[in-house]
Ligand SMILES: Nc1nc2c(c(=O)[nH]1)N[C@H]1C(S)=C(S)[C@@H](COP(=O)(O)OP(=O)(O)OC[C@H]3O[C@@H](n4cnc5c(=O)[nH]c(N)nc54)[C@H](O)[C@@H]3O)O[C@H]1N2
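A lone chain, given as structure tokens: the form predicted alone.
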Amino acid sequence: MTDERNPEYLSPEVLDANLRIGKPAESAGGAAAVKVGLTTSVKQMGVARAISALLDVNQKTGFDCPGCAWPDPENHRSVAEFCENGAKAIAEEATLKRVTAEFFAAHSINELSRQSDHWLGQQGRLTRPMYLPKGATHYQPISWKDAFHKIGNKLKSLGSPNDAVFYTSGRTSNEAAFLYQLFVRLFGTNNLPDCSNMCHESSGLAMNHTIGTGKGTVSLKDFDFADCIVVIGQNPGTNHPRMLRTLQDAVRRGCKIISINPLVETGLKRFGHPQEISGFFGSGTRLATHHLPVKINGDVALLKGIQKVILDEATPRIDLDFIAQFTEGFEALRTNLHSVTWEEIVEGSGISEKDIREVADVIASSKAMICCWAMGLTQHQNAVSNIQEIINLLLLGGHFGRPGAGACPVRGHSNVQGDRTMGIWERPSHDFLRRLGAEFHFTPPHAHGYSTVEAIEAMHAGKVKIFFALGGNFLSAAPDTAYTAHGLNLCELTVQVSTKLNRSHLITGDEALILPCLGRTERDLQASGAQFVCVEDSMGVVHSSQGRLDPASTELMSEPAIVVALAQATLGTTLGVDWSEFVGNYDTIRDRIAAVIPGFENLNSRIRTPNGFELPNAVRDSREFRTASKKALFTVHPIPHLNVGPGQFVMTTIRSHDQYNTTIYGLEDRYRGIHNGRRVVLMNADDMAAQKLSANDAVDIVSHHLGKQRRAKNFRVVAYEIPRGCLATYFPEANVLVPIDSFAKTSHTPTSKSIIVSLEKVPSDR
């Protein structure tokens, strides 16, 4: 459906007129990070509010940063326990700007759709529920009572519970997530796709199969004992900046840092800790001792090369005792590695044999190695293979179940891991459903629900009538933007629980609702007084989070309260759950979590300790591998070969330093030297010459998949240090190029990091 209020025009595709390209920065952090963080905070929040919020973030009695999931140190937390991008995230949420009913009356959906994602986010906090009737061009105010009445009636009128999809963002608290999945399963479906489907789904499946857990096997204190840390497919300087302090501490005691990434990212060159005089004024500490600029999706070949070196020596440098006692499949791996030639490895990875051998020597000598990775590995067709090759490398050295060693998938959004622990998953385990059913006296549905990609396909097939999103910006986060937009248009009702305006509010079903909620920074007052929630960080530590700022509006509801009202409007008391008991005091929610989720026993007392508590991890704690064979598994994978034709490239999508996921803080990517714009494509200078392109030329990017093309218009070419045959550009602008039917095997994660594209120069008269 295309009409006046739902145009095909999804976002502006115009050249950035003020784009300026400079030199990439040589050091991350330092005085510049302090200046940007504080300037942004004061501009958005004002001086007093900024001071209050920044002194409260990541403190033991404060709120958890709404940005990344990097853990907080148990002891020695600084007064300013936040990074530059954390300050930006807080400023976005705690801004003094407001989006009111008058704002929506003054701006039609068509008009708002023509604004950039950055402009939309900068309008401020949503202040009251809004409703878009069928055929209307403007959102209009609606009461909370009427909003839930509409949703409840729509849900009850469905032919099947599976006609509805309930999406979740990673920032949702454990309490809200638990209630949400309980409501959805009482309603009768497992249609619970979440943002994990688009990021670390591949990690969880790969690790569960090989080591019996989908979570990382290290804690933050393990970084104090590692003698080698491999950072692969991850850019911590932008995406997890507080990790740089951890790496700096490791380097200072002699740990080797190996960076593996197509781009040389500033955050792994040098880091100046802003709270040190030498870091604030000086050039900072050199972090990466080695950097391998692997080709996009060349990681399997590279990791095979490293393993081949370790095994090909006269005396293989591996932990034979560990392998014999705790693993299986080693001989198949060794046979495969012996058969792989160096020509295949060098061609597949883009790294010379000499450089691979040098890094392999460091890894082989390690007594305690941690491998960290992020979406640079998880968003390829062979993503599961990528992670399992990391597991192979760790298993060869016995790097599990001892201090300073293990696997570390670095999760993105704060509490994205906690959401999954609470049961937000379209493929729940039978054990989880058994526990949930026993506690609430019902039989949960066992049939698998839709993942994110499957949900979008189901919308197109007419199988989804209602789409409900608890947080996030689904349209901008999802692949194949135009295709996803059309799927949303085919729904009868779309509902977004949000703190700020985003593009998902503008591409809707026949009817649409915006339900504004409290943010992490804000005080949550219920009948029994001020409430707190809990979250789980990237390393399995669960701790409390309590905001203290005045809410942006008296019309806001907390996420737990929204879920309760949704359940009451839809289910009433027909299924024997007294939903009202969960609102007045969140301890009642935590009591039920403790009864259902292993590791959360006595939650209400344990969560009140200053540092929270660490969830048990069988691999880390006791070298127990809960696979079918009770042993860790070596796996064998072919080197992937992408079908790249003449004049084509492999493109990866990346974040700028001025964004977090789909939230665009500003137009500055100073670490890469890109200013005042986002529609850029980073390209090797030799490839530019071969394509007869010059710096700042305007091009369209065209993706190619199964004979179909997708086009993103008006990008500027930027010469950059990136392997030949590879390109990089920002998301969500480039998500339109990611095919809906190109995803990782078994995990269904979109292949946003390996898109086959060509460039077409824009005619001067267009």
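Fair warning: this is a prediction, and the values are worked out from it, not measured in the lab. Position 1 is the first residue in the sequence shown; the rest follow in order.
Beyond the structure shown, there is the form predicted together with this ligand, which is absent from this document and is the topic of what follows.
With the partner removed from view, the residue among 394, 424, 195, 552 that has a non-hydrogen atom within 4.5 Å of this ligand in the model of the complex turns out to be 195. Of the listed positions (385, 235, 451, 417), a single one reaches within 4.5 angstroms of this ligand by any non-hydrogen atom in the model of the complex, namely 235. The chain is drawn here without this ligand; in the model of the complex, the stretch among 620 to 628, 401 to 409, 226 to 234, 212 to 220 whose residues come within 4.5 Å of it by any heavy atom is 226 to 234. Of the heavy atoms in residue 68, some are within 4.5 Å of this ligand in the model of the complex. Mapping the unseen interface onto this chain, residue 473 counts among the residues with a heavy atom inside 4.5 Å of this ligand in the model of the complex.
Put simply, residue 240 is close to this ligand in the model of the complex: some heavy atom of it is within 4.5 Å. Although the partner is absent here, residue 536 sits far enough away that none of its heavy atoms falls within 4.5 Å of this ligand in the model of the complex. Shown here without this ligand, the chain has 374, 375, 376, 377, 379, 380 in 354 to 380 lying with a heavy atom within 4.5 Å of that partner in the model of the complex.
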